[in-house]
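Given next, in structure tokens, is a single chain: the form predicted on its own.
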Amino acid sequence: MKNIQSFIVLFALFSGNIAVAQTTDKVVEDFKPSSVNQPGKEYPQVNSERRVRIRIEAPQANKVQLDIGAVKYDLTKDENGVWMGESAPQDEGFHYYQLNIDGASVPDPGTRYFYGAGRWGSGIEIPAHDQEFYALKKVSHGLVSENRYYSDITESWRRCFVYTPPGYHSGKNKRYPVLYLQHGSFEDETGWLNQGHANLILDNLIADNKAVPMIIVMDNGYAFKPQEEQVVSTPTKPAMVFEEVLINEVIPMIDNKFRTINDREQRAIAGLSMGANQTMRIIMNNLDKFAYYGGFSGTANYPGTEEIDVKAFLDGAFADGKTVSERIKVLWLRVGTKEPEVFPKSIGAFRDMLDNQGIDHVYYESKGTVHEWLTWRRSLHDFVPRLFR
């Protein structure tokens, strides 16, 4: 119960409803429209201080707030019924946010919508100093396809998105390694494309000869058998039946439909937050299928922070450290330096267990980022060049 309560508190932190604030500092007036605004929309805007400015017409409203970064900011109404205001400086990267109008939380009509926090809602980009690695550039681009399939396990239609690298469709015989890449809790299979820019990150790395051309498969980590209670993953219900769907349905489908190299040493798996939890369990249960693992802001002991009993953890999957080191060619972990302490502590406990077992791994920190997409974009950017070498 303690772990579940911790998860609920963390979700409240990420989705808002924690504090109310009003900006009183002098604001630099160099605001520009956000890069993810809907076409022709001037607001929301971001300035050089990384403040977010909102403008919305709501003449009948009595109170309007900007809800971002776990803080609500009061907006001011003018004589024409237009509400405007701005936030305190935000961290670099992508952020979900919403407006609160007379107690109702609604998306901002000025932005494109993204699926996160369990809903389609607003998002904003705070320009990052290192954003070039996920920028849309004049390089050869891969193709992203939407793949529908019927799952006999869930008795439902599902979909995954598949990135094929530049040159895939002009070649006839070349085969490619595959990375299975998973989203986090309250997100879905659109996350790594819309928020994470996984395709652009790969395009740029491949253009710079820093990554092996590969296929990336992004599926929905929520999978339930018929009549099963559809709740978020927790330590007592860590993977639902997604592992079964991935191993028995998705991988065979991808190997049949695309020109893959059907070999464990040409197959990797990675995920963020909940996805890191799921993919850790999947690789350790299926070392005959995968040889590379990436955990972004999470491990299979999330959200636990206590010392790990290696004999009990994942049924003793890490007890034979020598075999694990031989079987997993890259075991990679990363966390943002500003994430809530449960994540660094959880990953720290996991790393201590790896060290005690003599298991090789790579650990990196994303400087100045929280439990958000810039951390995970950086993670993918560092992880991918290590694969299939």
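The first residue of the sequence shown is number 1, and the count goes up from there. All of these numbers come straight from a predicted model, not from anything done at the bench.
In what follows, reference is made to the form predicted in complex with a further copy of the same chain, a form of this protein that is not presented.
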- Note: a further copy of the same chain not shown here; in the predicted bound form, the stretch from 256-264, 67-75, 308-316, 210-218 having heavy atoms within 4.5 Å of it is 256-264
- Evaluate residue 342 for contact with a further copy of the same chain in the predicted bound form, applying a 4.5 angstroms cut-off between non-hydrogen atoms, and reply yes or no. no
- Query: Does residue 131 make contact with a further copy of the same chain in the predicted bound form, using a 4.5 Å heavy atom cut-off?
  - Reply: no
- Message: Would you classify residue 61 as touching a further copy of the same chain in the predicted bound form, given a 4.5 Å non-hydrogen atom cut-off?
- Response: yes
- Item | Contact label in the predicted bound form: residue 57 to a further copy of the same chain, heavy atom within 4.5 Å | yes
- Given that a further copy of the same chain is left out here, which of 106, 88, 84, 287 has a heavy atom within 4.5 Å of it in the predicted bound form? 106
